[in-house]
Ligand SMILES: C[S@@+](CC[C@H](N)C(=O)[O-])C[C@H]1O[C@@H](n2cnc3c(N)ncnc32)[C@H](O)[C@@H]1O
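Shown next as structure tokens: one chain only, the form predicted on its own.
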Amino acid sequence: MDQLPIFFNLTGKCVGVLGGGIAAARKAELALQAGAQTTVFAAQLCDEFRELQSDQRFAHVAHEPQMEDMHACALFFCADEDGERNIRTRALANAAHIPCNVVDQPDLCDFTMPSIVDRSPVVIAISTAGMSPILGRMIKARLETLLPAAYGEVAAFVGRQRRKVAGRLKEFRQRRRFWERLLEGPIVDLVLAGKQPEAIAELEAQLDAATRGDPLQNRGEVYLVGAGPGDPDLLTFKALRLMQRADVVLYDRLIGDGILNLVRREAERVYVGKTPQDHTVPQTEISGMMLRLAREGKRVLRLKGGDPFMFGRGGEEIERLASAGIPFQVVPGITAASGCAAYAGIPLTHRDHAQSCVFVTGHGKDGQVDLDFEVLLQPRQTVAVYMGLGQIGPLTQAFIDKGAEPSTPAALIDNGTRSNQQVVTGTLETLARRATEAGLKGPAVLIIGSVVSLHDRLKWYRPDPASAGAA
């Protein structure tokens, strides 16, 4: 995040605007909408100011601002058509320690103006840090279509009821759960339809249930969520929704910052990272932690790379939860072989190459390769091997020893779907050497089969070259 998004309370404060043209009028209009006393410094004002001048909070000064004018302002906009005048005024603002925005010159701005979706009191600000205002407006247009025009009425309804709810539900976590449960129910539709009495009746019924201490109101729960292979865009809608509910998140090394940043910011984060050779937190301890936290009434997010039921030990974790009577939900994720192969341009099945695909793990007990090669060495079949990078030499040699052709195409997809994705292709005979030369660090998926020969023609994903080889 290059800039800190904030919402500035300007009610009753003074905002200065330099310029009398259309750009200046737009800034003055926004300042007035935010409740500010707005002073425009310009020799003349264009017609766009005509409606603004009737506002009692609007003032027009015909000279350029002086230092005493600056000291009265909370913010200042430089929107004059004369660039030199903007620079002079910005210097004054800086000297007075007043945040200043120079229109269309992000390098001169202390703050930038976002594109705004206004559903007051709900306001959404979209910023590109001044890099691409047009892109910001395009995103705004999409959001405008998603949010009903009356959505602000929902926020206003909640605002009117907050004191009542706070008076009856004393604990913060209890109140938060109450509002989450309420706003995911029919009450939103009632408010949007203008049915205020029915909405209030629904709120009272829910509040009575919460006040009575209904055990279902405050019970703990576990969300076993697959985060996919790395690209945050591959998360499901349900995963995102539960990530925003959690009180505690347990995550491992496969979860990158791009995904972790989508978790509710107030949630406690506990790293339980594991590598094939180093279990920072043993599996039994992770399962025990989930039980303990859920019994404390917390909503626990167990965030796992890929899919929790595909070599993720998710089945073991929910067995303990089920035995203990702890409610849980399981959200599948895009498994690593599927996501990484897709981003590498390697279809796992193809009419001309493979009619089946087998998923196996290369991480055997005691570090030994322990695979059913009779099942794996079938014609027109793709084999996807998880956690095989550390054993790439013994793995590929074992395939050859069991009868696979040394010339069989094979690929390692390292950090698949991420900005530092690397794809190394070769054959069973050459792949281990090429992987060593490339310095792959994992996580990586090994793909074996003739479908790998399609990579050069079908590769489409262009990772960031500066990230190549990064862990």
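As the structure is a computational prediction, the values presented were derived from the model and not from experiment. So that there is no doubt, residue numbering starts at 1 and follows the sequence shown.
Unshown form predicted in complex with the ligand; subsequent notes refer to it.
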Handout entry: Residue contact check: A444 to the ligand in the predicted complex, 4.5 Å heavy atom
Key = yes
Problem - in the predicted complex, T335 touching the ligand (heavy atom, 4.5 Å) - result: yes
Practice task
Give a yes/no on whether M387 approaches the ligand to within 4.5 Å in the predicted complex, heavy atoms considered.
Solution key: yes
Handout entry: in the predicted complex, R434 touching the ligand (heavy atom, 4.5 Å)
Key = no
Problem - Candidate stretches 175 to 183, 306 to 314, 204 to 212, 155 to 163 - the one whose heavy atoms come within 4.5 Å of the ligand in the predicted complex - result: 306 to 314
Problem - All of V222, R241 and V331 with a heavy atom within 4.5 Å of the ligand in the predicted complex - result: no
Handout entry: Listed residue that, although the ligand is not shown, lies within 4.5 Å of it in the predicted complex (heavy atoms), from L108, L254, V358, I98
Key = L254
Fill in the blank from the handout: Across 40 to 69, the residues having a non-hydrogen atom within 4.5 Å of the ligand in the predicted complex turn out to be none
